[in-house]
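Coming up are structure 1 and structure 2: the same protein chain in two forms, each one given alone as C-alpha cells.
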Structure 1
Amino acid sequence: MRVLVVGSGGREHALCWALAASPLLTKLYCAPGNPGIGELAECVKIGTTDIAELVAFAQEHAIDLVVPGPEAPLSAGIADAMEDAAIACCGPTRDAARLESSKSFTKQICDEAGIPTAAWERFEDAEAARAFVQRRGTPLVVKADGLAAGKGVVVATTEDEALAAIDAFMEEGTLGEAGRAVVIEECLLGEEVSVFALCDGTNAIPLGAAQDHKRVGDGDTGPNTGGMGAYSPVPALSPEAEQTVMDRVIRPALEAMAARGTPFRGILFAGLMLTAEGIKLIEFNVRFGDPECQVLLPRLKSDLLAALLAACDGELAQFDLRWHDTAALAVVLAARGYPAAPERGSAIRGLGAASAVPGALVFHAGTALDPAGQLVAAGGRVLTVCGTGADLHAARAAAYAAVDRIDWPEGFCRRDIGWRALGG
C-alpha cells in the first residue's frame, strides 16, 4: 500500500516509524516531513493545510491511505477533500473535527451525551466574561474556544490572572480568531491523563493511555507548552478505569456524533482529570497527542497500518490490538527560549550515539539541514527522545542516557519526566 502521512513533527516521525514496519506498506510519503522522517519516507514540500495540493499529490501518486498527524489539516477539511477524491483518510471530517476546533462544541456534546465534565460558560463579549469571573471567583480555567496550538488555556488561580487571560485572548487578539470567544469553566483538581481510541464512526478500540508534562520547567513550573515529555502506561489509571473511560466518555461521544450525522472516524484523544468525584473530561482532541504518540506506538505490537485501514473501512468491531508488556517514556528537547521565542539555527550532534542506547528511539520534530548538511534546530520542540524498557524506571533510564549523548548546548529538557509515577 502507498501511504501519505501529513505533518512534520515528532508525532509524525513516530507514525512513519510505525507504518514503515508494516508488511502491507509498499511506499511511504510525508508532507512536509523533516530530516528524521526523510530516513524512512520520501518527504514532499507541501504544507499541512494546502489541501488542494495534498489531494492532487495523492491522486498523482496513487495513494491508498492518507494519515493526518496534526489537527490543522483535519479542521481545514482534509478528510472531506480526500473522500471526495475517493482516497481513504484516517481522520474525522471538518464537522467531526469540531470536537477539537471548538471547545464549546465539545461541551455541548458532553451535555447531550451525559459525559462528565467541568461546569462551563461560553462568552463572546469580554465585559460579560470579566463580570462572570468577578461574580464566580477563582480558581477558574479560561480557554480560547478555537484552535490555539496548545497555548489557549490559562489555569487562573487569581482574579487578576483570569482577567488578564480574557484581555489577552478577546481584546488584544494574541491568539487571533481562536480567542475571540472563550469558554470559562470550573477548575478541576486531580491527576491529568490522556486516553486514546481508534474509531470507525460506530465502534472504538482503546489505543492506550499516557501522561503528558505540559509545563516547561521541572516540578511543573513555568508556562504551558505543547508538551515536554510523556510516559505510558499510567499507573494512576487502572485497567478498570480505562474501561470506564471507553464506556462513559468515548462511546457516548461516538453515539452523539453519529446521531448528529457527523460520525467520527480516526483517533479520538480524551484529556481527562482523575478527580475525587471520578473521571471528568477536560477536552477532546481529534488526533494523536505529541509527545504521547511517541510513547504509545513503541508499545504497539500490532500492525498500525492494518488498524488504520480497519478504521477507515468500518471494521473495528472485528479488530483487536496487541501490546508489548513494556513501558515507554519520552523526553522533549527544546530550543533555548521555548516556548516564548525559541532560538533557531544551532547545530545538533550525537544523534547516532543516542540512538545506540539500548531501548532508545530519537524522533525529530523541529529540525532542518543547513546548506552544509548539518542538522540544526528549526523550531521550539526539536527532538523527542524515547526510552523503552520492562518498566517505567528502565524506560526513564534509557531515555535520559540517550539524552545525555546528544551534543546540543543550545537545547534543554526537563529532568523529571515521570515524576508522578516514579516519585521524583
Structure 2
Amino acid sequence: MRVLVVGSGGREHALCWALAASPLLTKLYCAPGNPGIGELAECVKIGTTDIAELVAFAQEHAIDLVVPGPEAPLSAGIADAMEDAAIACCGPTRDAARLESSKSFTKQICDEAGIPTAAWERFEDAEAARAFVQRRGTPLVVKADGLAAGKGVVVATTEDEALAAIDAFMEEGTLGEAGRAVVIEECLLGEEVSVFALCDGTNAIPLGAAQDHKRVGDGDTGPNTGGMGAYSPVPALSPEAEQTVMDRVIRPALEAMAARGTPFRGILFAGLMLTAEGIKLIEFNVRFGDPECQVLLPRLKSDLLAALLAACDGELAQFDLRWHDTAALAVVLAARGYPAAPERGSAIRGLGAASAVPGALVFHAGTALDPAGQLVAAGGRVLTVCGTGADLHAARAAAYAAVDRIDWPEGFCRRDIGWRALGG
C-alpha cells in the first residue's frame, strides 16, 4: 500500500508513526510534513489545501490511500477530488465536513437526530441577536457560525461580554464572513471530554476518548490555544458512558448524514460536556484532534492502515479494533510567545535523549532544519512529547522525564497536564 498523509503537525507525525508500523505499508509520503515526519516518510512540498496538486501527486505516485490530518483540506474538498480521481481518501466530503465547518448545520443535525446538545438559536441580524441576549440573560455562549480557527467562541458571563461579541463578529466583521451569522446557545456546565470514532458512512467503531487542555497556562489560565496537552483514557468517562456517546451521539449523526445523501466517512470527533443532566454535545470535528491523536494512536494495538482502508471500503461492520491496556499522556512544547506571537528560529537539542526515556515518544509539529542542519522552532506548537505506561501516573512520569531532557530554553510547556485525572 502506498499512502499519502496530508498535514505537518504532531497529529500527522503520530499518524505517520502508526502507519509506518503497518505490514501493509510499502511507501509513505507526507505533504508537506516536517523534519520528524521526514524520518518515517518522504516529505513532499505541497500545501494542505493545494487540492489539484495533491490529486496530481497521488495519481503520478500511484497512491492507494490518502489520509488528511487537518480540517482545512477536507472543507476544501480533498475527499471529493480524490473520489473523482478514484483514489481512496479516509475523510469526509466537503458536504459531510460541514459537521465541523458550520455550527448551525451541526445544530440542525442534532435536532433532526435527537442528539443531546445545548439549546440554541441562529441569528443573521445583530439587532435580533442583541434582543435575544437581553431577553435570555447570561451566561450564554456566542459562536461565529463559520470556521474561525478557535477564535469564534465567547463564553459570556455578563451581558456586556455577549453584546461585545455580537458587535465584534457581526458588525465589525473581526472574523470576516465566518462571523456574519452567529449561533447563541445555552452555557453548559461540567467536565469536557472528546470521543473519537472511525466511520465508513454507515458504521462507526470507537477510537477512544481523550481530554484536551486548551488554555496556555497551568491551572487552565490564559488564552485559548490549539491544545497544550492531552491524555487517554479519561477516568471521568466510564465505559458505559463511552457506549452512550456511540449510541446517542455518533450513530444518530451518521444516520442523519446518510439520510441527507451526504454519508460521513472518516474520523468523527465529538466534543462533549459531562453535565449534571447527562452527556451533551458541544461540537463535532471531522478529523483527529491535535494533541488528542498523539495519545490515542500509541494505545492502538491493531493495524491503523487496515482500519482506515476498511472505513474507505464501507467494511467497518466486520472490523474490531484492539487496544493496549495502557495509558498515554502528551505534553505540548510551544515556542515562547505562543499563542499570540511565537518566536521562531531558536535551536532545539536533546530529542534523542528524550526519546530514549522508556515509554516516551517525541512527535514534531512546528520544527524545521536550518541551513546548517540544526533543528529549530518554526511554529507555535513545536513538539508533542507523549509518555505511555501502565496507568496515567506512569504515563505522566515518562512524558515529563522526556520533556526535561529536551534542551530548548526558548520553549515552554504546561506542568499540570492530566490534573483533572491525577491532581496538580
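Structure 1 provides the reference sequence; residues are numbered from 1 along it. A quick note: this is a predicted structure, and the numbers were derived from the prediction, not measured. Here, rigid core means the biggest group of C-alpha atoms that superpose within 1.5 Å across both forms.
Novice: Which structure would you label as the form predicted together with ligand AMP, 1 or 2?
Specialist: Of the two, structure 2 is the form predicted together with ligand AMP.
Novice: In terms of the two rigid parts that describe the motion between structure 1 and structure 2, is residue 320 grouped with residue 291?
Specialist: For residue 320 and residue 291, the answer is yes, because the two are assigned to one rigid part.
Novice: Given a two-rigid-part description of the chain, what is the rotation angle of the smaller part between structure 1 and structure 2, in degrees?
Specialist: Interdomain rotation between structure 1 and structure 2, rounded to whole degrees: 8 degrees.
Novice: Cα of residue 170: shift between structure 1 and structure 2 in Å, core-fitted?
Specialist: So the C-alpha of this residue moves 3.2 Å.
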